[in-house]
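The data below hold one chain only, encoded as structure tokens and taken in the form predicted alone.
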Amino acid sequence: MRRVEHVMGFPVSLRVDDADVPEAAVDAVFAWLHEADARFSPFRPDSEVSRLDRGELSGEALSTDLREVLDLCEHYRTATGGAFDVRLPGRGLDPCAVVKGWSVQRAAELLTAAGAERFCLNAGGDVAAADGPWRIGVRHPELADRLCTMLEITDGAVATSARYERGDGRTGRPATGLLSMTIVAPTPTEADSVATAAFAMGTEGIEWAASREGCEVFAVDAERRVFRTPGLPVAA
């Protein structure tokens, strides 16, 4: 079973190889992703995130899901010494860097609960894979029609952050030092959050990301030098 839909501003593709998984399970995955976009997008004035940013919500009025997302944001802000921050000077609250991977992880959990064992969900470069091997291409940071490496994933997640636009939370200026940061991790939440946070840190983010338990790193710095951890699952 295969399906592609446009969600959160990018294409989301899903392939499920289990013959007995009902189509309703795939419907539920895309319904959830659309729901997450509606609830947590800072670009929608009626979203929970926008209402919180305007001061219309606080404390107990926040949903359990949004509190979980904000806790994750604070975890990575602290872990990066403020380089990753969902509140940059002159901008509103923007938790997209965490929401994307977090929502993909929830979608993967919906599939597993429905009995899916072998699947690959790709949400704009955030990939959740199960019962591989699955070959995942990492796009070249400067040449959109080329790949800079190919990974092979059995169970886990991959996420890439490139040409980061949010900036360094410590300075408010655009992040520099890296062209691309790819993380392989056990979950999409961790892969996406670590990739985004490490990119915001610049070159120091390479060592920081590599030190995270369960994370493997593929990075390209501004000098076009490539860095990879020994355990990176590069396809043969």
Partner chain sequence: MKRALSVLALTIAGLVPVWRYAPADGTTTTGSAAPASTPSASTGTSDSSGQVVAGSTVNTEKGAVQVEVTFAGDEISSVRMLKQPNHPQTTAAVPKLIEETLEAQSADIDTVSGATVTSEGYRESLQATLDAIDAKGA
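Positions refer to the first chain, counted from 1. Model, not experiment: these values are computed from the prediction.
Here the subject shifts to the form predicted together with its partner chain, a form of this protein not shown in this document.
For Leu143, is any heavy atom within 4.5 Å of its partner chain in the predicted bound form, or not? Heavy-atom contact with its partner chain at 4.5 Å: present for Leu143.
Check whether Thr149 has any heavy atom within 4.5 Å of a heavy atom of its partner chain in the predicted bound form, and answer yes or no. Answer yes; at least one heavy atom of Thr149 falls within 4.5 Å of its partner chain in the predicted bound form.
Spell out, yes or no, whether the shortest heavy atom distance between Gly115 and its partner chain in the predicted bound form is within 4.5 Å. Although its partner chain is absent here, Gly115 would stay clear of it in the predicted bound form, with no heavy atoms inside 4.5 Å.
Proximity of Ile136 to its partner chain in the predicted bound form, heavy atoms at 4.5 Å: Flag for Ile136 set to yes.
Give me the residue from Ala162, Leu72, Leu110, Cys96 that has a heavy atom within 4.5 Å of its partner chain in the predicted bound form. Looking at the other structure, the residue within range turns out to be Ala162.
All of Pro22, His34 and Thr154 within 4.5 Å of its partner chain in the predicted bound form, heavy atom check: Contact check failed for every one of Pro22, His34 and Thr154.
Where, within 104 to 121, is there a heavy atom within 4.5 Å of its partner chain in the predicted bound form? Residue list please. Only Cys120 sits within 4.5 Å of the partner.
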